[in-house]
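Coming up is one lone chain in structure tokens, specifically the form predicted alone.
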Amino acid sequence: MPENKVSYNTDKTAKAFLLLAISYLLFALLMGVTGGFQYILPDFLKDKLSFQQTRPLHVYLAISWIFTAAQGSIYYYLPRIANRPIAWKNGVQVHLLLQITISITIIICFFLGYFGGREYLEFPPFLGLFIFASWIPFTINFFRTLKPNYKTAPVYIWNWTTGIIFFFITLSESYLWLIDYFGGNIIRDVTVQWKALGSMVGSWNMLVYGISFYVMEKVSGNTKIAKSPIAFFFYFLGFTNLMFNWGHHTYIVPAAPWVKMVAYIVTMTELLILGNIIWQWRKTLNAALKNYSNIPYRFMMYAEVWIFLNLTLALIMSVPAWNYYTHGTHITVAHAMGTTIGINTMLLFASIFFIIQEELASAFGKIKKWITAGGRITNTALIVFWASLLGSGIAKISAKMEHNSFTEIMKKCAPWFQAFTYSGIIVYIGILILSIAGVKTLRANSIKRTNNS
């Protein structure tokens, strides 16, 4: 079957996932900007949309952006890798319908003030069961379409397999607090909850990193990259991170010292190896390839910069003596934002723009200048935003060591709050430019495909 016929099978729905993912991203950033204003203007929307609502909305939507963009990319790549149509076409549509319905329900719950979950999953717990169910069609299609032979499979197949399986495991673990054995013991509760959520981050990293390997392979035309020993070394290192690096969240818990030491050592490694892989891949590309694929390439390079910035910060945060001071400050938020926007979002935009470039090269040429501008605006403002969060965290640590009152601490942090709020607006503008460029092209191409069919 010719590749273009294979690609028609579920391309439209795969792009719908990408459009949905972009809507999550824009809404997440809007909630983030709103929350920023609530830092510097405490009464801003206090009676209509309080910080207790904007923060969980921001977190849920940011996580949904990563998972949904990853799923949309994988749905698009699956038939091209397998050279056969998606096994369960209606399953992709069922997945999309479930995803939209669940998201609308969760957003309504947050707006109405209905909570009940834990960190990252603060919506009513029963909705977790529907999220679990929504992943079943995706999982069935992944395994039935690929029918992977793991002896010869490239590393991105291993990444995606691990990410999918551990999403189910970590989501299930994150609701163990509903059982009194866990929820009734604060030490057990905190340890298991952060283990689950730390490993859930590892599951979405597996999906995103697998997508990055696939894009690197296709841009370079070098199939050896995804089957190289260093790629599989990175995979097993990432898998080790998924299993163990959550321990750096629980330094405050009186757990066994070896758990914290293992977490500290493991945390040091993953980003360094990923950065090295991207660095080595960049060196293999000649000038012609870099020029042809300059947009996906450029976003990979943005991610590379953020990998090394976040690696440095992660090393600092993972030292137990320093983590005692940084934990619970905006330094932790800086690490989360650097990872979510600087690394994951840049890598996912590299995938989205790679898909657009492959699908509609003529239209892609018309939006390249907007993508270039959006990328530069986003990353420049993100540097300021990231540094402002670090400044706020350091100011808070300094004030606490001086035994300042809460009011005095907030006064010292106020200039930093203003800096990250205003720079956050510029980050939003940059990503809005990128999103509009992506949405217009994805929708135009989907309409063209529909008319042709």
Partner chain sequence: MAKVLVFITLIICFILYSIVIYTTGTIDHSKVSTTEYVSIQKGKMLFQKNNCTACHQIYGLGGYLGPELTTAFSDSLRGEQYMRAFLKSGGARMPNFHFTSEEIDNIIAYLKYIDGTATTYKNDIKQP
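From a predicted model like this one, the values you see are computed outputs, not experimental measurements. Residue numbers count along the first chain shown, from 1.
Omitted here: the form predicted in complex with its partner chain. The next part is about that form.
Within 4.5 Å of some heavy atom of its partner chain in the predicted complex lies at least one heavy atom of Phe166. Among residues of the shown chain, Val190 is one whose heavy atoms approach its partner chain to within 4.5 Å in the predicted complex. None of the heavy atoms of Ser220 is located within 4.5 Å of its partner chain in the predicted complex. Using a 4.5 angstroms threshold between heavy atoms, Thr68 stays clear of its partner chain in the predicted complex. In summary, among the residues Trp322, Trp370, Phe232, Phe308, the only one with a non-hydrogen atom within 4.5 Å of its partner chain in the predicted complex is Phe232.
Checked against its partner chain in the predicted complex, the candidates Leu129, Leu97, Ile186, Ile108 yield a single residue with a heavy atom inside 4.5 Å, and that residue is Ile186.
The chain is drawn here without its partner chain; in the predicted complex, the stretch among 405-413, 25-33, 380-388, 421-429 whose residues come within 4.5 Å of it by any heavy atom is 405-413.
Across the proposed site, Phe17, Tyr60 and Trp88 without exception lack any heavy atom within 4.5 Å of its partner chain in the predicted complex. Along 321-340, residues Tyr324, His327, Gly328, Thr329, His330, Thr332, Val333 each place a heavy atom within 4.5 Å of its partner chain in the predicted complex.
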